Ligand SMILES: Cc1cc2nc3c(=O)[nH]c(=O)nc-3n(C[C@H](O)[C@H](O)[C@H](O)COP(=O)(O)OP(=O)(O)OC[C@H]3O[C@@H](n4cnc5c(N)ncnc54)[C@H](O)[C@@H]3O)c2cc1C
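Have a look below at one chain only, the form predicted alone, in structure tokens format.
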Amino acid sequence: MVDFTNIKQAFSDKSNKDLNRAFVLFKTISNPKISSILTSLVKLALLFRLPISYFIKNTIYKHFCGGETIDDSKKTINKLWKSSIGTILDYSAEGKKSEDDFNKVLKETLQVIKESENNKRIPFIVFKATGLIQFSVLEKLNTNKKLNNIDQNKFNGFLDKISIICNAAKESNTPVLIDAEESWIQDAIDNIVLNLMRAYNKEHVMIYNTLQFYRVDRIKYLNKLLEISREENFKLGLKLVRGAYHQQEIERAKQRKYPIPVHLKKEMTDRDFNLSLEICIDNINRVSICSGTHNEESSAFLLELMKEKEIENNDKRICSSQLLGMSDNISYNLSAENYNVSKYVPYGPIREVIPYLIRRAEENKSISGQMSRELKSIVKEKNRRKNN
């Protein structure tokens, strides 16, 4: 079994300078008050267009991002690949609303696809639906509202962009991960991705949807997808995650007085995530999965399931993924034992990526246990190096 406590392996490609920067960063993020103050200051600086790019670039950006462009990110891609870890390049400019912005995301996604062709270092490409269309249009679709002519044209353009991406990905033989978003637009996204899987996943898996198991209905939806795929004879691609919008989901449900769509106890999310792994491995001839988790117990559970079913470590239907700069003890130790591993590597212009980094910082405030584990690992490795 993989030893996730092997920190020497986990930090094998990190310099002392890298470790010191990571220590300061996680120490800051793990303190809710300091983290909130800094996040607010960054938001103000953005609002007033203050010159903060240099500070951001040499702290949080350097730790969590690959670079400003695909070419800038190649140093990170190559560094990860030395440990046989793939890179999922994610153009992470968020909160955009104009057609020019959406076309920019399309262009960047196509460039990543071109870079991925015949390149094992980039095993997947990824995009978010809201990177290609206004949130409001998806929200209308989610509630089955009839679109006006303007919104219908936007939606048609959105479908055209997705078709361009998926056809290019098929040509380069690079699978596509489509990220999950807020529950009040996710049904619309699910329907679109289901149709893509019907079209592209006949022979092998090209399209992956993302299921967030903090949602109370996702196990039911997973079983429904399996039933549909059996009846219609196509394969499922699924990225399994716990979820990224927990507090937003609770607050919106309370404000609008509808049933809270997410688990209120972490234990229930953990249960459903692990159950999803079990269901998928039981149906591995029909499903390919990307297990996106920073949880050691779930990572170990997946390995146990694979062993029980006598599935090879590097079976192409199963991979694990973590964010760049987090849970290296999982990523590097899995890779060392010949499991398929990739890191999500955000990239993009510094000021464009700051909203993404703020969201990550705000998410991380709610997972203090994870931050504590990161810190303990870093301190342990610093001490190990000091004593050797």
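These figures come from a predicted structure and were not determined experimentally. We number the residues from 1 along the sequence you see.
The protein also exists as the form predicted in complex with the named molecule; that form is not presented, and the subsequent description refers to it.
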property	result
Non-hydrogen atom within 4.5 angstroms of the named molecule in the model of the complex for each of K220, R271 and S288	no
The named molecule in the model of the complex: contacting segment from 65 to 73, 22 to 30, 321 to 329, 52 to 60, heavy atom within 4.5 Å	321 to 329
Touches the named molecule in the model of the complex: F234 (any heavy atom, 4.5 Å)	no
The named molecule contact at H294 in the model of the complex, heavy atom, 4.5 Å	yes
The named molecule contact in the model of the complex: K265, any heavy atom under 4.5 Å	yes
Heavy atom of Y344 within 4.5 Å of the named molecule in the model of the complex	yes
Contact residue in the model of the complex, from S116, T109, S92, Q212 (heavy atom within 4.5 Å of the named molecule)	Q212
Position in contact with the named molecule when the complex is considered in the model of the complex, options K154, K140, K161, R242, heavy atoms within 4.5 Å	R242
Sequence-ordered list of residues in 176 to 211 near the named molecule in the model of the complex, where near means a heavy atom within 4.5 Å	D179, A180, T210
